[in-house]
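Single chain ahead, written as structure tokens, the form predicted alone.
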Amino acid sequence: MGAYILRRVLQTIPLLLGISLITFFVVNATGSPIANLAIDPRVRPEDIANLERSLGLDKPVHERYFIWLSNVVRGDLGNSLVNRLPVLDRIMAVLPNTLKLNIAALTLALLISIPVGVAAAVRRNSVFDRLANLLAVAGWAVPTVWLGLMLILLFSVKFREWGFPYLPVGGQSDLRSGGGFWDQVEHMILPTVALAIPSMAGWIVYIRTSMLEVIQQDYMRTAKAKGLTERGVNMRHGFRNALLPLITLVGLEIPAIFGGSLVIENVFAWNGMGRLTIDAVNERDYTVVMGTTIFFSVLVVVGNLVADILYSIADPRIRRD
């Protein structure tokens, strides 16, 4: 087991190096972050040259990459070009909000998709099965931005017009009410649902298909022939084996969830890493863009690594491959 984990950890190193290389050169290919100053007649050329020298922009791009990479390895993501604050400090200030939102969305998606997918497989071709498949396909096809806006329109705007209890749509809490626990929960409901629905939809279809495949196995028929009830066979044998691949699927879905938070955090004005990244792109704050991209990448790689380790624990055959 230790050798397997070590091998998987070592495999992440070239992956992260590749991500850092692509991130740095793509961001730098968009142009100089101080290009706007060059067309400002109030800024002297010598001031621009001094600024480029202070930011290290006068060096060749490959040299700047290795300087930046060496700093990243030491935990230094540089300073923001806008307010000169350390990028790592800005990330750590909003990271808890992003993790809270993504963990809530992941938990909600699992709590709903697992029982619905299993029930749809056990009741194959029933009304419930057809309805679950229809809703899953719809949830997978709906754009995240449109979904977030429709949730705001229905559960906030329309519910308020109709006199129903409505949900807040912006920020993490209402400062006028003191921002208590339940107030924070209310602010999380809509962004969590919007972020969870696409993952939930895909997992329902996957779990249903996996469960149907397990149900048709010989050992399932043997268990029923021994006198076990159908419910007992499905839960004791089918359910466990059908969910094994879900561990890997959840790990592979982590990038999509974090990617979705880039959109959802801006739709719901959620102060997280997604909103920080979009704001940095609009402000041409390249150091923050590269810092958040690398941070997202590390989170995704670690999530996939944990998924691989958990799957190897659940299925020892993986470790022998």
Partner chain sequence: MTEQAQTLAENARSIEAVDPLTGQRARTRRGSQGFWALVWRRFRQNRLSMAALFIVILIIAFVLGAGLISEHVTGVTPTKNNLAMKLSAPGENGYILGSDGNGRDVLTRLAYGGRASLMIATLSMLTILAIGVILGSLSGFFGGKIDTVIMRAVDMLLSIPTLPLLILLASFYRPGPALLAVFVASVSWAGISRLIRGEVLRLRHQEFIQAARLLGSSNSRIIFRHIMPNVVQIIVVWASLAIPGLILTEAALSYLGVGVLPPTPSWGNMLQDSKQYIRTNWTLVFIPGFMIYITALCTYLVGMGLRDATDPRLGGR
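Residue numbers count along the first chain shown, from 1. These figures come from a predicted structure and were not determined experimentally.
The following text describes the form predicted together with its partner chain, which does not appear among the structures shown.
In plain terms, the part of the chain that comes close to its partner chain in the predicted bound form, with a heavy atom within 4.5 Å, is 150 to 158 out of 180 to 188, 150 to 158, 109 to 117, 88 to 96.
Although its partner chain is omitted here, in the predicted bound form none of Asn50, Leu77 and Gln172 has a heavy atom within 4.5 Å of it. Put simply, of Ile313, Leu15, Val306, Val9 only one has a heavy atom within 4.5 Å of its partner chain in the predicted bound form, and it is Leu15. Using a 4.5 Å cutoff between non-hydrogen atoms, Val122 does not count as a contact of its partner chain in the predicted bound form. Contact check for Val281: a heavy atom falls within 4.5 Å of its partner chain in the predicted bound form. The shortest heavy atom separation between Ser126 and its partner chain in the predicted bound form exceeds 4.5 Å. Though the partner is left out of this view, Leu131 does not reach within 4.5 Å of its partner chain in the predicted bound form, counting heavy atoms only. Residues in 98 to 112 all lack a heavy atom within 4.5 Å of its partner chain in the predicted bound form.
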